[in-house]
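This document starts with one chain, in the form predicted on its own, laid out as C-alpha cells.
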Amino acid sequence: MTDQLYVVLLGTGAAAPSLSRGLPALAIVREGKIILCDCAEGTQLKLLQAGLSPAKVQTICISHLHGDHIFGLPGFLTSQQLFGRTASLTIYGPPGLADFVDMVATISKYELGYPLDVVELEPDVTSEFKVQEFQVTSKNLRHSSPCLGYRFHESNKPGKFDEVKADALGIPFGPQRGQLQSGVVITVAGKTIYPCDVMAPPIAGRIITYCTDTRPCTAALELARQSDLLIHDSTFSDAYADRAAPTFHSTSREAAEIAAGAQAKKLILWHLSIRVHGEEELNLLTQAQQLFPNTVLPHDLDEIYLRRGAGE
C-alpha cells in the first residue's frame, strides 16, 4: 500500500462543454479504487485520457439531477456492461436518481449483468455513510433544485511503532507487538501495556469536500471545515456577479470566502462558465486569491495530490 490519495479534475466547466473545458466530473483515487463525483457527458473519455480504468470506479456520488452532471451516467453503466463488468457499483444521489436510471434502462431496453445499488439521500437531513476508507457526509446545498455537497474524510492512519520504547518495556518480538499496533492492550510479566505506550499519535486522515452548483451557504461551510482540498462552485467572475444569485451559483470571490471561513487548506475553482475565458480566467483567479491565496484555477485532467499531515 502506498497511502497515495489524489484527485483528477476530469471536467471543470459548466452547463455546456467547450473546446477547453468538459462538463463536471472528478475522480478521487486511493489505492487504485476510484470514487466519481458526478458523471457528466464525456466522463468515460476523460477517464481514459487520464489513464484511469472505468472498471476501477466502485462508487459514484451525484450532486444533483441537472443534465450537465448526470447525462454521462447511462453511457457509463452500459459501457461497463459491454466490457463484462462483474464488480458491484453503488451510486449515491438525491431523490429521483433511481427513476432516472430505471427510465433510461427501460427506454433503451438494456439490462445490467453486475450488481447496481442506487442509494437516494434525503436532502432535508445530513447523511453519513462509509465508502472504502472514507466517512462521507452529505448536505443539501443552495441551488435551484436539491443539490448535495459531499465531504470525504479519510480514516486516520496509525502512528509509528516505537521499537526503542517496546524494548525498554520488555515486550518480546512476536505477535504481542502486532497486537499493540492493532490497538490491543497486552500484559507482559504482569504489567499492562497500552498501545499508546509504544505508538506515536495517529496521523489524521485527509479531507476532500465537493460543493458544486451552489450559492454560498452554511451547509457548504460546514462540509468544508478544515478540508485539505475544497472544490467549490466558482461559475462566475465579478464581471458576471449579477448572474450568480439568479442562477444559484457562486463567484470565485464567494468561493474564496467559504474556503477562508472553513479554514480549508486549498481551494479549487470549479464549474467555470463558458463566459469565463482568456483574460477573464485570470481575473477569476485573482479575485479569489485576494481573499484566499492558496487557490488554484484548474484545467481538465489536472491531478491534485494530497499528503498526510506533517510527521508522517
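Treat the numbers as computed from the prediction; the structure is a model and nothing was measured. Heads up: residue numbers just count along the shown sequence, starting at 1.
Below, we refer to the form predicted together with a further copy of the same chain, which is not included among the displayed structures.
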Option touching a further copy of the same chain, based on a heavy atom within 4.5 Å in the model of the complex, out of A260, A55, L285, L65: L65
Partner-contacting position among D99, E122, D242, D167 - heavy atom within 4.5 Å of a further copy of the same chain in the model of the complex: D99
All of A40, Q49 and M103 with a heavy atom within 4.5 Å of a further copy of the same chain in the model of the complex: yes
Stretch in contact, per heavy atom within 4.5 angstroms of a further copy of the same chain in the model of the complex, of 217-225, 156-164, 182-190, 80-88: 80-88
Interface membership of F129, a further copy of the same chain in the model of the complex, 4.5 Å heavy atom rule: no
Contact label in the model of the complex: I107 to a further copy of the same chain, heavy atom within 4.5 Å: yes
a further copy of the same chain contact at P298 in the model of the complex, heavy atom, 4.5 Å: no
a further copy of the same chain contact in the model of the complex: G75, any heavy atom under 4.5 Å: yes
Heavy atom contacts to a further copy of the same chain in the model of the complex at 4.5 Å, residues of 11-33 in sequence order: A15, A16, P17, S18, L19
